[in-house]
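In the block that follows, a single chain appears as structure tokens, in the form predicted on its own.
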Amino acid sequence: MVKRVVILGGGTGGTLTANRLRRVYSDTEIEIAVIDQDDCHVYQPGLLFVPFGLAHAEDIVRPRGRQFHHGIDYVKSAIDHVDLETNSVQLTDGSTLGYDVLVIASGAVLVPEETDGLVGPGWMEKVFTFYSPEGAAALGAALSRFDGGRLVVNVVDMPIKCPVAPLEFCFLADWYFCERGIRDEVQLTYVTPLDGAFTKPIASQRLAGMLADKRVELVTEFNTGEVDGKGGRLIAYDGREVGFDLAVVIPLHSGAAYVGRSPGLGDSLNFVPTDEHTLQSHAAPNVFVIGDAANVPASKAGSVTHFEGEVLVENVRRYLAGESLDASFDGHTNCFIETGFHKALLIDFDYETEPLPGHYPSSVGLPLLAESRLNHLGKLMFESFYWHGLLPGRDIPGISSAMPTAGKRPAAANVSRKD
């Protein structure tokens, strides 16, 4: 009997999962259906470049349907809820789609309305976000008019998609204003709820030093409770304030709204409780989760989704075959961090291992925890790899889901920089 796998979400995780499954199974063995509410697949790492004129919003968006292999059914519809008891997905148009295996791949969504004042007076005038194509384009226009004053980059709370992107924005802003010849007229401030620049101590120390070198003020443990766009103030729950002339805010994130309408599926933030090693949901044995939708303790980054894909597809196969699941996903994450002036830094880590100096993916490769032009080129080249390698579900020689240990060395007290 032909089994049906239904995938909720046609972004990075949903697309690569569908394509990997189709490479494993013929259409006479399983049916694959992907459901998403729109036909716009956004290359999200490209959003960072849009405000600085280094990319255009329309160039990083492609139709979702064109990213799927032949034999994958793409359903354009919003999702009302999932019924775990009947193994079915209810769509907002009233139709129902049953499944044998469900894959939750609906990512994280911005919920700016959850922060007092954020979408009030000043929104898209003095207060912007670059975490959407529309916001990134509007911010680009605002930056081109900005001739001096205090620019504040604020992370409201964690978790967020691509946790290093706000730091990258600070580094690129430093470069951008230097290029315009007005860097001395601009005060850059990075405001975060974390107790440092990043979540991992070694990387946090390195990145905090880079912020200081680039004259970016770092304000930590600032939990934003209100944004006063008209008055130009971020107001923390403890009463502290940070003033601004232009604010770049990364809003609160949550899981997809339908998760909250599906009894037993999600947590209080609409993320899906998931086994961090098998990627099987805690809600039901035939439900798996990939990417930002999961509540696993890994970064909500595209690389994590890529590395999860290999394990998740193997576990869907094992589940359908009645075999024990593979518990090998280790939280592997790597991130290119654009640092401006045609350089970037690369970090590679997992659940247990800090970002370490060395090289990736082996002793001969890209430098880790060090600025280099090679890493910058790697970040630029990633877009082509994304569309032509990652999304089609291809295996990449020398790159596996497990974090490599070759090429890494114990961190020294002071990590030297490389050009």
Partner chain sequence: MSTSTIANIDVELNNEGFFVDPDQWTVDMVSELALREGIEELTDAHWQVIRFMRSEYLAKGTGPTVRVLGKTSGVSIKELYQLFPKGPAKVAAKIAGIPKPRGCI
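What you are looking at is a predicted structure, and each value in this text was computed from that prediction instead of being measured. Positions refer to the first chain, counted from 1.
This protein has a second form, the form predicted in complex with its partner chain, left out of what is shown; the following refers to that one.
- Look at 264-272, 93-101, 286-294, 166-174: in the predicted bound form, residues with non-hydrogen atoms within 4.5 angstroms of its partner chain sit in 264-272.
- Only one of 217, 221, 185, 245 comes within 4.5 Å of its partner chain in the predicted bound form through a heavy atom, and that residue is 221.
- When its partner chain is considered in the predicted bound form, only one residue from 241, 83, 114, 179 comes within 4.5 Å through any heavy atom, namely 114.
- No residue in the set 42, 64 and 134 has a non-hydrogen atom no more than 4.5 Å from its partner chain in the predicted bound form.
- In the predicted bound form, its partner chain sits within 4.5 Å of a heavy atom of residue 199.
- Not displayed here, its partner chain is kept clear of residue 213 by more than 4.5 Å at the level of heavy atoms in the predicted bound form.
- Under a 4.5 angstroms non-hydrogen atom cutoff, its partner chain in the predicted bound form has residue 299 among its neighbouring residues.
- The closest heavy atom approach of residue 195 to its partner chain in the predicted bound form falls within 4.5 Å.
- Residues 237, 238, 252, 253, 254, 268 are the ones in 237-268 with at least one heavy atom within 4.5 Å of its partner chain in the predicted bound form, listed in sequence order.
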